[in-house]
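Read the single chain below, which is given as structure tokens and is the form predicted alone.
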Amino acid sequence: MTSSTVELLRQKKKQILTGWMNGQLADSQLRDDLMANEDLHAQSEKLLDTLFTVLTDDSLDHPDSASLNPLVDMLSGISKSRARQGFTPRETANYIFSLKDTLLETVQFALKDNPERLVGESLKIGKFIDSLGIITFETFIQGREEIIVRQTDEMINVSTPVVQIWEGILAVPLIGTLDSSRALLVMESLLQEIVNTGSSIAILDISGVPMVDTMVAQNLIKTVSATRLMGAECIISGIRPEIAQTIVHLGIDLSTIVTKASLASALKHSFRLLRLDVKKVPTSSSDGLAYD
């Protein structure tokens, strides 16, 4: 019998894969709704191939060895992929921990006549798989955080669109809390769109902003000032009664800024500034259309 535990496991790779897969498929918490059994088998087989390619008796004792980097990279990829697929951290870690039972069973059968060595090798394998499980858990959390950050950025971009609602008129409908970082993004997007479109009027609609405090008001004032430096006039719309009372109570001076109660009122004011006369055209039958 070989004296190398890693070589012993390597020789039993097919048996280990079969035992590991049987254990996973028999698990009542198997998430076959997130990953097909065929894909699970392919992923498990590839992981074992990588494990037995880089694993040595020395690295079995030192899970932080640089020689295991390919395995760590693969585990990181699996963890982040499972985070995107909807697996939980526990399910992802258990995927690795479930390999421990199969490896231990293989070693126990091979070393059943050498109890002393069996205990030592079992402890090594247990500690090694535990370290892999920790790596898996940590990279899963990192992957989940990356997803949250990306989704947050996407939500911010969606919630702060700059829309050209008329030639020369831009509108920014704000929804949600306007903190400093988001206000900076609004300012940058608005100023860039002023340059791109050559617009001379920008409307900041705060109808969807639940609360206006000193910080929000200061952010709005900064945006208005920056817009004016670009040669455009800025109008704030969506001033609800409770917002007006809050602004007065806080002593915030918006007297130099044009404010309107609604986006429609701001648009009408914009038309006057641009000397545009928008009128309703009465319908007639001269266009060849029939009306009831």
Partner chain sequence: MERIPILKMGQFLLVTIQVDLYDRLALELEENLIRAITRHNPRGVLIDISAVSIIDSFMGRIFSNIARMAQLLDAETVVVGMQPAVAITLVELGLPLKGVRTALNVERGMDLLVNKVDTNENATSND
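Remember, it's a predicted structure, so these values are computed and weren't measured experimentally. Residue numbers count along the first chain shown, from 1. For the two forms, the rigid core is made up of the largest set of C-alpha atoms that agree within 1.5 Å on superposition.
The same protein also has a form predicted in complex with the partner chain, omitted here; what follows describes it.
Contact check for residue 117: no non-hydrogen atom falls within 4.5 Å of the partner chain in the predicted bound form.
Using a 4.5 angstroms limit between non-hydrogen atoms, residue 229 touches the partner chain in the predicted bound form. When contacts are judged by a 4.5 Å heavy atom cut-off, residue 96 does not count as touching the partner chain in the predicted bound form.
Residue 124 falls outside the set of residues with a heavy atom inside 4.5 Å of the partner chain in the predicted bound form. Proximity to the partner chain in the predicted bound form holds for all of 188, 192 and 222, with the criterion being a heavy atom within 4.5 Å.
Just one of 198, 176, 86, 77 comes within 4.5 Å of the partner chain in the predicted bound form, counting any heavy atom, and that one is 198. Taking 147, 184, 211, 163 one by one, only a single residue has any non-hydrogen atom within 4.5 Å of the partner chain in the predicted bound form, and it is 184. This chain is displayed without the partner chain, yet in the predicted bound form the stretch 229-237 from 242-250, 229-237, 54-62, 37-45 comes within 4.5 Å of it by heavy atoms.
Core-superposed comparison between this form and the one not shown: CA of residue 116 displaced by less than 2 Å. Fitting the two forms on the rigid core leaves the C-alpha of residue 138 displaced by under 2 angstroms between this form and the one not shown. In a rigid-core overlay of the protein, residue 129 has its C-alpha displaced by under 2 Å between this form and the one not shown.
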